[in-house]
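There is one chain below, alone, in structure tokens, taken in the form predicted alone.
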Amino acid sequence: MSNRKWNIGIAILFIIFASLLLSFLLSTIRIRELLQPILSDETSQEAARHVILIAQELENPYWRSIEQGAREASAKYGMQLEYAGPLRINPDEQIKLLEKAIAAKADAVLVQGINDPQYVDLIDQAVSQGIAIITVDTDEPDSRRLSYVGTDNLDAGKVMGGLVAKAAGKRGSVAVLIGNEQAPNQQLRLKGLRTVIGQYPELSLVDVRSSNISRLQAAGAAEELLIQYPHIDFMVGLSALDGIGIAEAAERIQRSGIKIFAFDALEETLTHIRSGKINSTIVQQPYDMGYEAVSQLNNHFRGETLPGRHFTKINILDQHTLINETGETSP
């Protein structure tokens, strides 16, 4: 009898233990289900690639447009984008920011080429440490960067040369402002322009001056050119502020009849095109540069081999184009 009671007692204890164990397991499963979204988010954040975009100038609208494209592509591909840059154009600060990005062990860095040996060494150092480097806007072709994403500046210069030659009827005198004599993208544009102008014996390039990427200096250099060469018929600006500076100089010294060709689509440039002060401008696609650069990074992280160069498109805006695009009436 006592054995029977003992067996019944053991059975009851087993049932109680089994019930408690089952309840514990069910609770554990429920807790895991509740925590899973949080754990997944943390895992996703840990796995997100850290990408740093180093601008030439932090608040420059052109670079903000590059940032916008890069940020939208980063969101699409699950990357974390950090945007940095000097407050004013300063290559030394760009070098320091690249050093910081390497020290922070970023997964990738998007940089503008600045044609500096120390910068090239840093890019090579980053790549050797497994940090993916893509150049945007301006290339650093002698470095180990994975790819360049931006305008084909040699071709853009040739397009500019074609615009001038057509407007000139293949004869006349041309003066040029260049933003920065050391910048590879500016030199490529100038080379392309010279290539086309050199095809026409009666179309001559009389002088090239630097504006140092300054509207004030662009206006000053343009005024000097117009006074020194009173026979100039055409003036070309190869960086964003040059065309505006040329228009300002021509108005200041009351030189009419000068045909001005600009680069990029600053609002004042477009205003001058509408009024006829600037003939036309070549427009780059900074948003596309940022978006495509991050897209190329995504391809790289998936194990794909990147092209050495990925060119973004350019457009030509003139008075006729602006009227057709906006429905404006001609002034």
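The shown structure was predicted, so the numbers you read here are calculated from the model rather than taken from an experiment. Numbers follow the displayed sequence, beginning with 1. The term rigid core refers to the maximal set of C-alpha atoms that superpose within 1.5 Å between the two forms.
The same protein also has a form predicted together with ligand BGC, omitted here; what follows describes it.
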For the chain seen here without its partner, which of 237 to 245, 198 to 206, 67 to 75, 125 to 133 has a heavy atom within 4.5 Å of ligand BGC in the predicted complex?
237 to 245
Find the only residue in Leu226, Ala156, Ala168, Ile213 having a heavy atom within 4.5 Å of ligand BGC in the predicted complex.
Ile213
Could you tell me if all three of Ser147, Glu292 and Phe311 have a heavy atom no more than 4.5 Å from ligand BGC in the predicted complex?
no
is_contact(Tyr287, ligand BGC) in the predicted complex, heavy atom dist at most 4.5 Å:
no
Exercise: Asp137 in contact with ligand BGC in the predicted complex, heavy atom 4.5 Å
yes
Is the gap between Gln56 and ligand BGC in the predicted complex 4.5 Å or less for some heavy atom pair?
yes
Test of understanding: in the predicted complex, would Asn279 fall inside 4.5 Å of ligand BGC by heavy atoms?
no
Within 181 to 199, the residues having any heavy atom within 4.5 Å of ligand BGC in the predicted complex are Asn185, Gln186, Arg189
Leu58: after superposing the rigid core, is there a C-alpha shift of 2 Å or more between the shown form and the other one?
yes
